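Just one chain follows, in the form predicted alone, and it is written as structure tokens.
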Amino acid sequence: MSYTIKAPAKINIGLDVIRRRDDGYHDLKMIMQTVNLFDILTFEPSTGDKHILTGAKTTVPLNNDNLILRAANLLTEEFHITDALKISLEKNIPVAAGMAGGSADAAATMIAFNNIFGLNLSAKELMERGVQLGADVPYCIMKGTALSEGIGDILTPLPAFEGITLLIVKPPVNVSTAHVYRSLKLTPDIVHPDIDAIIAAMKDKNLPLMGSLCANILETVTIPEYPVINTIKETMLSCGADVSLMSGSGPTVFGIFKNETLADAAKEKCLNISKDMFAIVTTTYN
């Protein structure tokens, strides 16, 4: 028996932080979108008594701190699963990039266990368990285009925004999400993006209007610390991007283009900004 599943990355087409909560979390309002960039997980029987995780060419830890094993162990303990699995990870989503790679892997693991072991959990039931692992995990189970509110656990499906040409670029820096949220200053004069207006523009696929509306409030923290993010954004816009925005807490930047030709030309210019730049032309995915 071998079971393989894709774990798609996400971008945020607009991100607002409403307030800091008493429990230390933040109330958010953001648009989530999966993209055609995947980690690939393969599950096979293991001769041992514990699940093991392997992966070539990846810097992520492969121990019990990894969200894949945490997801596997969570369901194993609850449903008294006795068969151990070897989980192989092909890591394609950049690490610490604001693209929910770890959460996507956890979500894919939960979906795989549900299917392999016949747990018969609904998507809603998986999502209720997934939030124990991280705020993005429920969305990564749902996938597609969605409005995310609360700490990221209140999800409303939106009309599909698929097949849109994207350039995704990650500079060679890693950003701590916790640090960005701790450093965010929600002062009275801070400009909050109009998420509802962005959603309306997305429904019409009005890319120029989206370009005038799309914003990510976390850029107020991450860009001053890593100016290369703004350089990437400006390069994309100069190459014809209708939208260019940092995803999540960064440092990844995505650009929305009318066609692949424009995106490919922008990719070449972005690769010249610094060494070890990750860049891929792809599309949105539902």
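Just so we're clear, the structure is a prediction, and the values are computed from it rather than from any experiment. From 1 onward, residues are counted along the sequence shown.
What comes next is about the form predicted together with ligand ATP, which is not displayed.
Proximity of Val169, Glu219 and Ile256 to ligand ATP in the predicted bound form is absent: no residue of the three has a non-hydrogen atom within 4.5 angstroms.
Contact with ligand ATP in the predicted bound form, defined as a heavy atom within 4.5 Å, holds for exactly one of Met202, Cys214, Ala100, Ala72, namely Ala100. The contact with ligand ATP in the predicted bound form, taken as any heavy atom within 4.5 Å, belongs to Pro94 out of Gly152, Pro94, Gly144, Pro193. Not displayed here, ligand ATP is approached by Asn66 to within 4.5 Å at the level of heavy atoms in the predicted bound form. The closest non-hydrogen atom of Pro227 lies beyond 4.5 Å of ligand ATP in the predicted bound form. Taking non-hydrogen atoms only, Leu37 never approaches ligand ATP to within 4.5 angstroms in the predicted bound form. Although the partner is absent here, Val60 lies within 4.5 Å of ligand ATP in the predicted bound form, judged by heavy atoms. Comment: 101-109 is the region of 124-132, 183-191, 101-109, 72-80 lying near ligand ATP in the predicted bound form, near meaning a non-hydrogen atom within 4.5 Å. Residues are counted as partner-facing when one of their heavy atoms sits within 4.5 Å of ligand ATP in the predicted bound form; in 267-286 not one qualifies.
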